[in-house]
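The form predicted on its own is given below as one chain in structure tokens.
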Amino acid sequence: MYDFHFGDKEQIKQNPEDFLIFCKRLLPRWVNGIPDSECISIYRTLKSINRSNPVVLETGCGASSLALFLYVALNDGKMFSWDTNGSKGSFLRSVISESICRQLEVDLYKHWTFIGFDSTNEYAGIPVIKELKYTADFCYFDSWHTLDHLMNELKCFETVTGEDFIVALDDAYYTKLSNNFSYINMIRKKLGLDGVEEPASNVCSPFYQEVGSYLGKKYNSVEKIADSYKEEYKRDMFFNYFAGDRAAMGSVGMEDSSALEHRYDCWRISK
């Protein structure tokens, strides 16, 4: 179903970004949650990793998984994804197997490990990277979208990195401290219930400010990466194509169209 022909292996290697978007647009909406411009920006950020056999992580999976997988497949790397929705991981495996692995003649399981569990769990979450004797170079954070959970994931990630690593955030403009009331109210709306008001105590500074400040205080060298997303998102057809869906998301606070410049942010850190 997903084994559309883009070109041979050499053509894909010459045009990886075009191939990535070609595969991304095969996805149904429920796993295609990030803009095309962000997906490309993730791939370009990954390309700045200066190490052979890179190890990359993500919390929450979806279209980002295609970017990470294409990168590790072309660079003999390894990726690990955590998502509590096991069905999403299984579905993405089938898409990647047909759309990417078949074309590049690579083994999906050699490059990708999906873990359908809590990313912060000490026995099956991010910390197991050390037990598996890997050193992580990159992590893309896209799970519960609260600062408390994000910082727990980040601190887990810090324990499995080498001297240099990259931190990347989705929905970096979010200001949810402990509970994601936008998501909660979407669920309540589906249940026919009224929304609940978010308390002022649940509001923090935008994630990109909170994380940037945390990293800057802890490490000697923190470089804010000038990602391509900020240059390209205004021309991204994704936003118009899913305009109706995004309007509904905006009505419960799941997307702020005025803050989209900081949907994606990333940093390069040296210990």
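It should be emphasised that the depicted structure is a prediction, and the values quoted were computed from it without experimental measurement. Numbering starts at 1 and follows the sequence shown.
Only in words, not in the display: the form predicted in complex with a small molecule, which the text now covers.
- At a distance of at most 4.5 angstroms from the small molecule in the predicted complex, all three residues N32, F117 and W144 contribute at least one non-hydrogen atom.
- From the list 186-194, 136-144, 96-104, 70-78, the contact stretch for the small molecule in the predicted complex under a 4.5 Å heavy atom rule is 136-144.
- The small molecule in the predicted complex comes within 4.5 Å of a heavy atom belonging to G62.
- Although the partner is absent here, T84 lies within 4.5 Å of the small molecule in the predicted complex, judged by heavy atoms.
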